[in-house]
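Below you will find one chain, with nothing else, as structure tokens; this is the form predicted on its own, and questions on how it binds or moves follow later.
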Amino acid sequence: MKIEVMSLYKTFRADTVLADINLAIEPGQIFGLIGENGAGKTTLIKCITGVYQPDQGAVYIGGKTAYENPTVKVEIGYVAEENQYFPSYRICELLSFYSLAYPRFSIDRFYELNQIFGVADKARVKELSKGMQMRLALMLSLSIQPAVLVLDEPTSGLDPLVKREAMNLILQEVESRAVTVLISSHHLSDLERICDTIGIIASGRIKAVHSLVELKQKMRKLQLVFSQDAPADLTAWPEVLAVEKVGRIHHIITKQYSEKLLNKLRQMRPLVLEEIPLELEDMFIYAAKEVQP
């Protein structure tokens, strides 16, 4: 199912938390949402899942509005940063509740997943650690066999092995059932592994959307050593995003890498001109800095 967010605004008291949000996430796409704390990520996610009603604009899931629409909500698997279940319920009782609430909920699927996640089904929710509650939330959301999976910090509290398994399961859902995924995480290495596209949100606005392939092509890190001083206007070049200097070594982060840029730099006759690895986490950080208000 396609997720569409159109001219969305959300205000709490006098504070505008989201302003003029426009997004389109295609079926089978994995879209990563990144931004600093307080940027509006969780509020946007709650608008998309129908928890909050937008003040202006609209959210459509598969062409239908999400807010107070049960026919849409049964298609959404939602894992919140803080999942609130009935604390006195045992896990087996939650399974009965989900079976009544979601027509495609599969108890067999839940127990298949639990072979990986290992949550005791006789335990009460309140007895589970934060990490175990996150495992439970992931299993329940995957067991409803959703068309749309919305994940807000889904790896919080998970150990590295379980985190890897969770990311692999998300990829399997997309590959096998073309599930549409929206995921927000501060663990940028998690997004690097699975996302097709990244959206950057700052001060309640979507500032940029990049495909990872496009980002890798445009953003490179070059190491240069000049025989004399570097060009005085280097930071102002339209292809250059940032320049970092350590002694005589200049590291240039490009925002529009091209052979034309390399030729332009070669004309400065540098003693050294080489490309060095730039991790995707660094790319995200530089891209976020570029769009900061």
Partner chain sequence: MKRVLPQALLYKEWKSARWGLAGLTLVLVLSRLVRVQLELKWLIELAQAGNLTVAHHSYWFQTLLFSAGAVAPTLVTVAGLAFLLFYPDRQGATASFLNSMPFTKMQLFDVKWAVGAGVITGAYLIHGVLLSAFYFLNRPWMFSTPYRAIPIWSSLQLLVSLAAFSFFLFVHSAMGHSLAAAVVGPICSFVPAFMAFGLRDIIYLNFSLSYDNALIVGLSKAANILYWPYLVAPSYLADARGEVMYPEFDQLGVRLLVLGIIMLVSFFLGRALYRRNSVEKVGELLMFSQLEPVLIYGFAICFGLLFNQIFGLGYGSGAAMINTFFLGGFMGGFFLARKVVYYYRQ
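Numbering follows the first chain given and starts at 1. Because the structure is predicted, anything quoted here is derived from the model rather than measured.
Keep in mind that the form predicted together with its partner chain is not shown, yet the notes after this line are about it.
With a 4.5 Å cutoff on heavy atoms, G63 does not count as touching its partner chain in the predicted bound form; it lies far away. When its partner chain is considered in the predicted bound form, A242 lies well away from it, no heavy atom lying within 4.5 Å.
Taking non-hydrogen atoms only, S203 never approaches its partner chain to within 4.5 angstroms in the predicted bound form. With a 4.5 Å cutoff on heavy atoms, K46 counts as touching its partner chain in the predicted bound form. No member of the trio W237, S258 and E279 reaches its partner chain in the predicted bound form with any non-hydrogen atom inside 4.5 Å. Contact with its partner chain in the predicted bound form, judged as any non-hydrogen atom within 4.5 angstroms, is confined among 110-118, 73-81, 126-134, 181-189 to 73-81.
Although its partner chain is not shown here, in the predicted bound form the stretch 7-25 places heavy atoms of K10, F12, R13 within 4.5 Å of it, in sequence order.
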